[in-house]
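The chain that follows stands alone, in the form predicted on its own, written as C-alpha cells.
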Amino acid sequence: MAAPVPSLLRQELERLAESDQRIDGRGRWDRREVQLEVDILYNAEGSAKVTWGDTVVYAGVKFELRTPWPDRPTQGSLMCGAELRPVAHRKYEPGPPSPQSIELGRVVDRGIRESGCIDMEALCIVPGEKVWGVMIDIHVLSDGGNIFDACGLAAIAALRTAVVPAERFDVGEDHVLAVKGTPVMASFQRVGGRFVYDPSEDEETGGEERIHITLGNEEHLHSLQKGLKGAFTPAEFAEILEVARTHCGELRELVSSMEGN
C-alpha cells in the first residue's frame, strides 16, 4: 500500500497540473534562484558552493600522482564521488555509500567525462609511469530538491578554478587545470502528468520518471540519464531539450562570471 502522505501529495500535484501550476508557485519551466561561490575550501585545489533554492552543495577538487592504467599509459584519470548524509535530509542514513549517492556521483561524472572538457593526455607526466589523478568530492549539505543540477554545477565550477599543485609534488610549476568548455546539467521530472524543470523536494517525492541532460558549450548533448519507471515521447524530449538549452546557457554564463574572482 502506498504511503498516505505521498499519495495525497501526488493528488495535489495532479490537481495543480490541470491548471499548469506548481506547488511552489513557479511556472513549468522556471528555475529557483541559484547562487555560486568559488575558492571557498582552503584544503582543496579548486572548490565551489552552490545554493539552489533550499539545496546547498559543496564540491572540492584534489590531485594525486598515480600510475596510469595499463591500457591508457599516457592518460590521467578522473573520479567523482558524492556524499549523502543525514545532515542533508532525514531520508539519508549514515554508513557506506548508498545507491542514491553512487548514482549521483556517476551522473555528474558522466556529464563531465563525456564532454571531453578535460584532456586526459594533458594529465600525463611520464608515459606509463606517472600521471595526475583528478578527484572531485561532492558533499550535499541540504537536499531541497534537484541535487543533481546543483552538484553538476558545483563540480564544473570547482574544476574550472582548480590549480594543479605541481610544485608540492616536485613535478614542475603550479598551473591552472586546463578545462575546455563548461558542461552543465538540466534535470526534469514528470509531475502531475507533465514534465517540469528543476523539481522541488515535494515534486520529487510525488513525481514520476526523471531525466538528466548535460549540454556543452555548443549545445551538444554529452549525456542523458533517465531515472525511475516511465517513458517519454520524442515530442516531450524535443520540448525539454529546448528548455535545457536556455537554462544551461544561463548557468554557463554564471560559472564564467566567477572565474578570476
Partner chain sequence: MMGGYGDVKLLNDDGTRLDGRTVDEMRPVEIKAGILPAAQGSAWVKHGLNVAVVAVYGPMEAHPRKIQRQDRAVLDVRYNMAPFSTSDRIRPGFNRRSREISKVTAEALESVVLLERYPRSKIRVEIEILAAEAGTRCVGITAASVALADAGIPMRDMVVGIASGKIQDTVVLDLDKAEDNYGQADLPMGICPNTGELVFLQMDGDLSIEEYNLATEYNYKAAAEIHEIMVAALKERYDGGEA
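Small disclaimer: the values here were computed from a predicted structure and weren't measured. Residue numbers count along the first chain shown, from 1.
Not pictured, yet referred to below: the form predicted in complex with its partner chain.
- Interface residue among 127, 86, 172, 116, judged by heavy atoms within 4.5 Å of its partner chain in the model of the complex: 86.
- A heavy atom within 4.5 Å of its partner chain in the model of the complex is found for one listed residue only; from 44, 211, 215, 196, this is 44.
- Proximity to its partner chain in the model of the complex, taken as heavy atoms within 4.5 Å, picks out 129-137 from the listed stretches 98-106, 172-180, 129-137, 68-76.
- Looking at residue 50, you'd find every heavy atom of it more than 4.5 angstroms from its partner chain in the model of the complex.
- When its partner chain is considered in the model of the complex, residue 121 lies well away from it, no heavy atom lying within 4.5 Å.
- Taking the partner from the other structure, its partner chain in the model of the complex has a heavy atom within 4.5 Å of a heavy atom of residue 93.
- At the 4.5 Å threshold, heavy atoms of residue 34 stay clear of its partner chain in the model of the complex, well away from it.
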